[in-house]
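Take a look at this single chain, the form predicted on its own, given in structure tokens.
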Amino acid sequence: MLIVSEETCQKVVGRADAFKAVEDVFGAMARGDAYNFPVIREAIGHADALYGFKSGFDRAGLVLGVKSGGYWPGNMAKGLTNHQSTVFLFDPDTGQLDALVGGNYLTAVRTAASSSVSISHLARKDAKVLGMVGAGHQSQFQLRAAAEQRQFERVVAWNPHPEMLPKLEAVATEIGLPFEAVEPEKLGAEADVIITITSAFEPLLMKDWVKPGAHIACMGTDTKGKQEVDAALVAAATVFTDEIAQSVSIGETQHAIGAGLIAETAITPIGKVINGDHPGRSSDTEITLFDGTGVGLQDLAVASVAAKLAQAQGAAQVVSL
């Protein structure tokens, strides 16, 4: 059995590795070659934490496993990331445990890969302004990954807690993009691509603020009750997602569905665009929206890549059970 530490994952898995792994597994899901098992996610009644399991099987890639972890909102004050998780990979032929892989960095990089896959396939080719709603730990991964998908000329950003924006600005400066802190109305009016990555339970971005032709990647809503954008904005957009079942139950579309503004049949798995079975964006004025709920197969895909790369580079610890 392999043990791949957090430090090793950061050394061996880059953004390009994560992008390919996520893109491939989204395509496999749309073909019916990979499927997620029902998610378990509960408040444990201690430390305000949410804890649960995401699991699945990728028949095409022969990846079977489970991600265990959750969200501890007080961790930042302790010098830890709020999201904590570990991935267990099993041999699909025998059921034996193959690898134990740190999941914190991989969760961040696979979430960023998910939104960047959506930008690659759905955003206008001439997108110039990137809008960031949210400035937490994950936003820095989102910004770096998104910047590689289009020739962005600048970044506009807003966060409910503006004192957190300088860290995001530092990343933009590092990769050579001018950065401006703005109000959300201005962000919506100027941004060609918008990434929302918060833990909000109310809309932060309204329909009337967003300009025609924008692509929005909603990456923060992964629990019943969470919400980042106006339900009317979801209804006005052409909607894509990682998995429809999660989108309508715990994702951004739950509110538009609940209000009767859209039907489940209006939501398209992004894997269909990746596979060439759906055209994706149909015009330069169409608003496209990707509801990135975060599926277990994303975690398993990047963890499998981490295990293979770590083993090939001699960076994994080998233990006997």
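Rigid core: the largest C-alpha set superposing within 1.5 Å between the two forms. Not measured: the values here are computed from a predicted model. Residues carry their position along the shown sequence, with the first being 1.
There is another form of the same protein, the form predicted together with a small molecule; it is not shown, and what comes next is about it.
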{"query": "Listed residue that, although the small molecule is not shown, lies within 4.5 Å of it in the predicted complex (heavy atoms), from K224, K125, H161, K78", "finding": "H161"}
{"query": "Among the candidates A113, V87, M219, L187, the residue which, in the predicted complex, approaches the small molecule to within 4.5 Å (heavy atoms)", "finding": "M219"}
{"query": "Partner-facing stretch of 88-96, 231-239, 146-154, 102-110, counted where any non-hydrogen atom is within 4.5 angstroms of the small molecule in the predicted complex", "finding": "102-110"}
{"query": "Contact label in the predicted complex: Q138 to the small molecule, heavy atom within 4.5 Å", "finding": "yes"}
{"query": "The small molecule contact at S247 in the predicted complex, heavy atom, 4.5 Å", "finding": "no"}
{"query": "The small molecule contact at G70 in the predicted complex, heavy atom, 4.5 Å", "finding": "no"}
{"query": "is_contact(S120, the small molecule) in the predicted complex, heavy atom dist at most 4.5 Å", "finding": "no"}
{"query": "Core-superposed comparison between the shown form and the other one, L50 Cα displacement 2 Å or beyond", "finding": "yes"}
